[in-house]
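Encoded as structure tokens, the following chain is the form predicted alone, with no partner shown.
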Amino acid sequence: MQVAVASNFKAPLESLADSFEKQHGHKITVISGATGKQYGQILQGAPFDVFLAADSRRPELLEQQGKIVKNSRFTYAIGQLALYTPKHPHPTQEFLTTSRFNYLAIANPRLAPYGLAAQQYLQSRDLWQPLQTKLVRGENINQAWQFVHSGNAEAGLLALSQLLQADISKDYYYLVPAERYAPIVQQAVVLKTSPAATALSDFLQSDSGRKVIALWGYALPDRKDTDNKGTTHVR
């Protein structure tokens, strides 16, 4: 089974895949990338069985276009944005108004929901235009991470899940207040009917699946979130 997954959820899915494959006997091939790019590949006939997007817009569009298995769309995680400053401990949001960095890495807002969230956050603080000359844009959130990890950017607006994956100390990141950007509602859809795809969908919504997702730094949709908007959620 081929699963297209947003870059920020690649590591969590690989972690979940181990348990899933042992429990259900279905093998998963993980294909990660920017949600916008994968959406385009699906429209062009890419042979994915399940799509785990970093937003709700593309799954909604696929549903409207009749490209998914009926009633298969659901919210599996709600992403959180963090400001990471590896050489400057105890950052606050005021860090972005200082001269302590030359480059700030973000994902491309046109392709990646975490990039759009970063743009919304900076706009909420009237920093989007002033920081234009300092922004470096990765095609996806993993490329933005690489810019910071390699030292080519002194700071980055990244997914909290990436920092937890890399075991980054809380001393080096600032969790951006959720009210500063639209909720990063990450939705999944089944693209082809099969026992394996159905089993994975159920697994991601199970108690054991949700527990693992929360450990990776995501908020969870409330089980009563029947409209799939993910607007009410718990950790």
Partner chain sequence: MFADGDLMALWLTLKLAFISTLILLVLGTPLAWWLARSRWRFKFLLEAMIALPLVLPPTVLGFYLLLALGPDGPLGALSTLFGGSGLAFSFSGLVIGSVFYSLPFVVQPLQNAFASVHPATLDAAATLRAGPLDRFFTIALPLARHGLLSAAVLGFAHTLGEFGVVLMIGGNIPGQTQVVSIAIYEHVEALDYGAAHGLSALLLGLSFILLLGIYALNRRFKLVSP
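Worth saying up front: this structure is predicted, and the values here are computed from it rather than measured. Numbering follows the first chain given and starts at 1.
Another form exists, predicted in complex with its partner chain; not displayed. Remarks below refer to it.
Can we say Y121, L204 and R210 each have a non-hydrogen atom within 4.5 Å of its partner chain in the predicted complex? No, the whole trio is out of contact, none within 4.5 Å by any heavy atom.
K37 versus its partner chain, in the predicted complex: is there a non-hydrogen atom within 4.5 Å? Yes, K37 is a contact residue.
In the predicted complex, does R57 have a heavy atom within 4.5 Å of its partner chain? Within the cut-off, so yes.
Give a yes or no for L164: in the predicted complex, does one of its heavy atoms lie within 4.5 Å of a heavy atom belonging to its partner chain? Output for L164 is no: heavy atoms all beyond 4.5 Å of its partner chain.
L135, heavy atom within 4.5 angstroms of its partner chain in the predicted complex: The answer is yes: L135 has a heavy atom within 4.5 Å of its partner chain.
Exactly one residue in A82, L96, A153, L116 has a non-hydrogen atom within 4.5 Å of its partner chain in the predicted complex; which is it? Only one option qualifies, and that one is A153.
Here the chain is shown alone; which of R100, H90, R125, R110 has a heavy atom within 4.5 Å of its partner chain in the predicted complex? Contact with its partner chain in the predicted complex is made by R110 alone.
Among the candidate stretches 45 to 53, 29 to 37, 196 to 204, 174 to 182, which one is within 4.5 Å of its partner chain in the predicted complex when only heavy atoms are counted? Heavy-atom contact with the partner occurs in 29 to 37.
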